[in-house]
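Take a look at this one chain, the form predicted on its own, written out in structure tokens.
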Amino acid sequence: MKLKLLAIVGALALVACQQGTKETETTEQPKNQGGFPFVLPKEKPNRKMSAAMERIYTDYEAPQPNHNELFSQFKYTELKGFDYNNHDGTISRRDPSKIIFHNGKYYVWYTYRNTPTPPQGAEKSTDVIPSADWDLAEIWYATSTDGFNWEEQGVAIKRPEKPIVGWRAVTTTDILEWKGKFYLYYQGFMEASGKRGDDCPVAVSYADSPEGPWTAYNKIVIPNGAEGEWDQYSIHDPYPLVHDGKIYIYYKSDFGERPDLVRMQGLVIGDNPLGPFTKHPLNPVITSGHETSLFPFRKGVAALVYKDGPEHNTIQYAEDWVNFKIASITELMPYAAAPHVPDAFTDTKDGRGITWGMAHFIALGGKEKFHSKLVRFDCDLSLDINDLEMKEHRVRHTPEVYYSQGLSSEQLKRLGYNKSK
């Protein structure tokens, strides 16, 4: 019996050894296939390749970035028409909405703060002194005929009376056009930011025209998750699009707490702009990104995934609008990107992409004059143009850009650096 068992064990060991040999052989350089072609093939060649070479043919739209419709660099331009009170920190504009075109004009909505002082932190905040850059803010809007020169039109959504949702601040808005009406979704703060985190539910107002007047729904339309769920504390940056005859609203939330906080993106779907909305069972659907910026592209949807998380600085794509994959990796992506999306609400099955939009620069003026400003970005993420300058593979920075990312005082102390020497 023992001999029989030994024979069986030996046979199994021999089979395992042979299989191991075969697996080892598959990782060895195949014979007689020659070196890789000098001209990089546009289509995946029929040959054994490394994991890296396999990846550029299976994970990306094209092996070369300049042939990838979802790869672009980003160019930035100063906007005209916005006053910042000599950048003393009392006026701030940030978190623009996607840009729409209506009756010959472009429209954009944004978070607007005009306070006697710059932000002072939660402990020093009062009914007139802001705790954060977006505290005590309202939603304003501006119009333009060319996307460079803007005319500020004033307030769109005022802060309501206490205790209505948003009485402390209304911020971070985005626009939906649905069946001839317009809807602004936004975050409604009911405490100074920093006093209880950024727990602020999503509210909505509606109008017959982008000019307003806007009627507040005065109800929470996207509630936080249940206790213990990833989005139990916050639903931020609501971003509506129309797909499959329904309203898709992507949003940002956070896992955990600092310093282990991770931001990801979720999705709710509804038939009515005022709700109810159902959270997708696969949430979160994007594993990175600080803001939520998307646009229809071909049959699916593309996302600008800037900052925060393991897949930041990527452009991603989901043909089914849910399961996103990295389409390209880029740099200098717009912060709080708010693109002009011509087919955001057309329920298109052939999204054409984007070429420009707005973003914001933050942390201007330092601690004493902290504020943000709106800026224009341009790119080539469009199927209808071919701007080779936008498809350059690298961005050149001046030395000052690198030095601005220098070591902190604590790091210099740890390294024993003495400036006086």
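When you see a residue number, it is the position in the sequence shown, counting from 1. Predicted model only: the values in this text are computed from it and were never measured.
Keep in mind that the form predicted in complex with a small molecule is not shown, yet the notes after this line are about it.
>> Only one of Tyr107, Phe297, Phe189, Phe324 gets a heavy atom within 4.5 Å of the small molecule in the predicted bound form. Which one?
In response: For this set of options, the contacting one is Phe189.
> Among Lys252, Arg93, Arg168, Lys98, which has at least one heavy atom within 4.5 Å of the small molecule in the predicted bound form?
Replying inline: Only one option qualifies, and that one is Lys252.
> Would Asp174 show up as a contact with the small molecule in the predicted bound form if we use heavy atoms at 4.5 Å?
Replying inline: No.
> Taking heavy atoms only, is His360 within 4.5 angstroms of the small molecule in the predicted bound form?
Replying inline: Contact check for His360: yes, within 4.5 Å of the small molecule in the predicted bound form.
> Taking the shortest heavy atom distance, is Glu291 within 4.5 Å of the small molecule in the predicted bound form?
Replying inline: Yes, Glu291 is a contact residue.
> So, in the predicted bound form, is Asp237 in contact with the small molecule at a 4.5 angstroms heavy atom limit?
Replying inline: Yes - in the predicted bound form, heavy atoms of Asp237 and the small molecule come within 4.5 Å of each other.
>> At 4.5 Å between heavy atoms, only one of the stretches 181 to 189, 309 to 317, 222 to 230, 201 to 209 reaches the small molecule in the predicted bound form; which one is it?
In response: Among the listed stretches, the partner-contacting one is 181 to 189.
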